[in-house]
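Before any questions on binding or motion, here is one chain by itself as structure tokens, the form predicted on its own.
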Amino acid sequence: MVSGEPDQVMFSTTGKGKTMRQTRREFLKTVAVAGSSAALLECTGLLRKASAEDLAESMAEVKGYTYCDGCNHVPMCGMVYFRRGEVITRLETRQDHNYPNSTICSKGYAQLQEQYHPDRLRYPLKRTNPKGRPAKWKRISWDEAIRTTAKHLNGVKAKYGADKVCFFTGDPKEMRPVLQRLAYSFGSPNFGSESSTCFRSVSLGSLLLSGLPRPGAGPGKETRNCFVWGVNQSYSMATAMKSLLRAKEAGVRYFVVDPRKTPMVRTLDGFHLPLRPGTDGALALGIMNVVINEDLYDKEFVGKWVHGFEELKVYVQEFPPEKTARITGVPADRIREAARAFADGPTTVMLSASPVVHHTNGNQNLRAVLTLFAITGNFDRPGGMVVPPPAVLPSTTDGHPVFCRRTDLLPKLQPLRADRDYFPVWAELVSEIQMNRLPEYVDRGRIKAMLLFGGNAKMWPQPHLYQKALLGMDFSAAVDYFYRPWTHDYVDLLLPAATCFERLAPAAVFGRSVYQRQPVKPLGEAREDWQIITDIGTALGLKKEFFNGSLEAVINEDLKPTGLTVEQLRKAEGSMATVPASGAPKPRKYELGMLRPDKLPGFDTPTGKIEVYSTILEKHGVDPLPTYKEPSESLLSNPEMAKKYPLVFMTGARIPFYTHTKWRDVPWVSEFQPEPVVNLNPQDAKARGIREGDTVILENSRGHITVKAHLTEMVGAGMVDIYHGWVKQDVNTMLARDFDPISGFPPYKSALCDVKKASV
């Protein structure tokens, strides 16, 4: 078990009676001893005594395939692993993997150390003391764990109704499709995920505008301008930089919209628009002001395919470049230059899951950014914001609607959603519930039990309220790689999850290619998530839906749209098969009836057009235009607070070697940044007498944390930036639960604070 918190965790050697930090070099040296895997077997506790025959067999190196879940929690970069016996000893990048620019990074290689971390959960555990205290666990069998879970979930269903059970996924995202299938088959619409604070607000904004869930794309062959809006792929997805640099060499001009001067500005020679955090909507409206007033918009496209342009044209007059400059901090001449470039397309945009939407007006900010594409005619135009052709199989972020049972069961369950009164726009358009009001759902009796896969109670603002919510449930069970006290001290059962080396499901799909893993035997009694869900579903009485517990049958059901089976993929070279396309991709799909269920020309919106004036928002009493409002905490909206806390602080921006709270358990990664650091502009540091490496206090009206100071020009004057997820110095305790009324998203990127040097 993990005896400390992630920022203090040690890599223990099993059975040696001591704890130590083990570097990459030391680990590799251990593996290399005597040129065999025996030392690694001993180190990881897999081998106590072995015969000469066993060791000889383990010496033979065998190659296998998997794909990494280290970055964005879905199957991405391909990996080749080499094992001796059942022990993986080294990794390589898979060269025939179709995920663009697939290359193993530090996080991918660190999975080898995570795989054999001595603190990994290996057996099902049952709590033996009251919840809310440091947990005491008793090892139980899988049969008991599954029976206990099914008994409690069916008990809640019988007493209160199936909708009182919540099914939740955090990291990784790979179990989402099958967990949706379980939730809806059980009779509960209350399936939720960490996307309640991540990508779904971007998706929601796109759905409101065009009926399409995934906006934005990287530059193509015809692209002239690419607006990198709040994305720092040099940190969050470094492999993508190869294609961006190739596009730059081909003539693409980059415009980087970001409060920070990230490596995207320097590496891509980007035209930087350094806006004040939370003012993305104002900047987009200021750009629209220039595009419309200089008659640069696409009149033909707007006239035929845009609903509400005349109302928008009136509204943007409130945002001339000079006024927009005062709001955003971006000079007026830069706003004009960006606007003229945007209209001189083809222009595309790269959007991230969070920076634009993590504000109290975040979803409207995002709608304003996307509206730029509507009025300039860059929608599904070669080189513009291209709508990709239908995938062979949807990503695990969404899952296939038929397999997940979103088509036949969810519509009937919609009235029972826990979030329907809080976020009605979200509840109408997003299948999963908005999880950010979980404490309220529990307090009002709407959630009585919960099944969590990779859940983290500290992902939300004011995390103690979410711990209290778990504590107040009749029953909860969690599945994870490690015991994490800040979450698992509040659950009844803790079940061990298999890693990406030990899982068969799900398939990975890139383009027209379908890949399947070749798993090794899990450590201890760890099970893959899809199998755990299949077993629970069967025990709940859903034998038909979960094929009497057959994992392969469940995967085959998921694979149906591809025409492939587990057995076919297993026999295929590299466990990969390609599904031929029915035809070449086509632009302007809205003209061809390819974007609507009824196959008519247009968009899948109530008016059949791109709705810059949203009829759905209007129906729910929300501003139908992409209106701009200041963050609830800002220098302009709350000047009294700003006098005491004059700095804007942002949290959640990626750094190269962590993905949210992942990898804190793994020394190979955590040694890069073993303690929390606040990034501070030298100008602000000098005014406060702060030097590089000083211990400082970050504080606001809700609390404070003590961290180290790092002085950097990457962060503009007047703002600070801190990475999240430190258990002891948890920045989320300093954030308000002031949610965007449309998306329900928290304001991770625009709170007010101050920084002062800690007294020695």
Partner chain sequence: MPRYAMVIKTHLCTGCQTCSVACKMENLTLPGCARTVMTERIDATWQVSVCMQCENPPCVPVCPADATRKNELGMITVDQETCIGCGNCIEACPYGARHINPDRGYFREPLAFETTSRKAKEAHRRQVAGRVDKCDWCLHRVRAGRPPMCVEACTTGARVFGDRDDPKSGVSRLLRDGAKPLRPELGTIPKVFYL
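Numbering follows the first chain given and starts at 1. As the structure is a computational prediction, the values presented were derived from the model and not from experiment.
What follows is about the form predicted together with its partner chain, which we do not show.
Engineer: Is Thr712 part of the interface with its partner chain in the model of the complex - any heavy atom within 4.5 Å?
Structural biologist: Result yes; Thr712 sits at the interface with its partner chain in the model of the complex.
Engineer: Answer with yes or no whether Tyr116 is in contact with its partner chain in the model of the complex, where contact means some heavy atom within 4.5 Å.
Structural biologist: Judged by the heavy-atom cut-off of 4.5 Å, Tyr116 is in contact with its partner chain in the model of the complex.
Engineer: State yes or no: in the model of the complex, is some non-hydrogen atom of Lys543 no more than 4.5 angstroms from a non-hydrogen atom of its partner chain?
Structural biologist: No.
Engineer: I'd like to know if Arg336 sits close to its partner chain in the model of the complex, meaning any non-hydrogen atom pair within 4.5 angstroms.
Structural biologist: Heavy-atom contact with its partner chain at 4.5 Å: absent for Arg336.
Engineer: Looking at Leu429, Val622, Leu465, Leu245, which is the one with a non-hydrogen atom within 4.5 Å of its partner chain in the model of the complex?
Structural biologist: When its partner chain is considered in the model of the complex, the option within 4.5 Å is Leu245.
Engineer: Only one of Phe603, Trp668, Tyr297, Phe475 comes within 4.5 Å of its partner chain in the model of the complex by heavy atoms, so just point that one out.
Structural biologist: Result of the distance check: Trp668.
Engineer: Sort through 155 to 163, 305 to 313, 603 to 611, 670 to 678 and report the only stretch with a non-hydrogen atom within 4.5 Å of its partner chain in the model of the complex.
Structural biologist: Contact-bearing stretch, as computed: 670 to 678.
Engineer: Going by heavy atoms, what in 105 to 131 lies within 4.5 angstroms of its partner chain in the model of the complex?
Structural biologist: Residues within 4.5 Å: Cys105, Ser106, Tyr109, Ala110, Leu112, Gln113, Tyr116, His117, Pro118.
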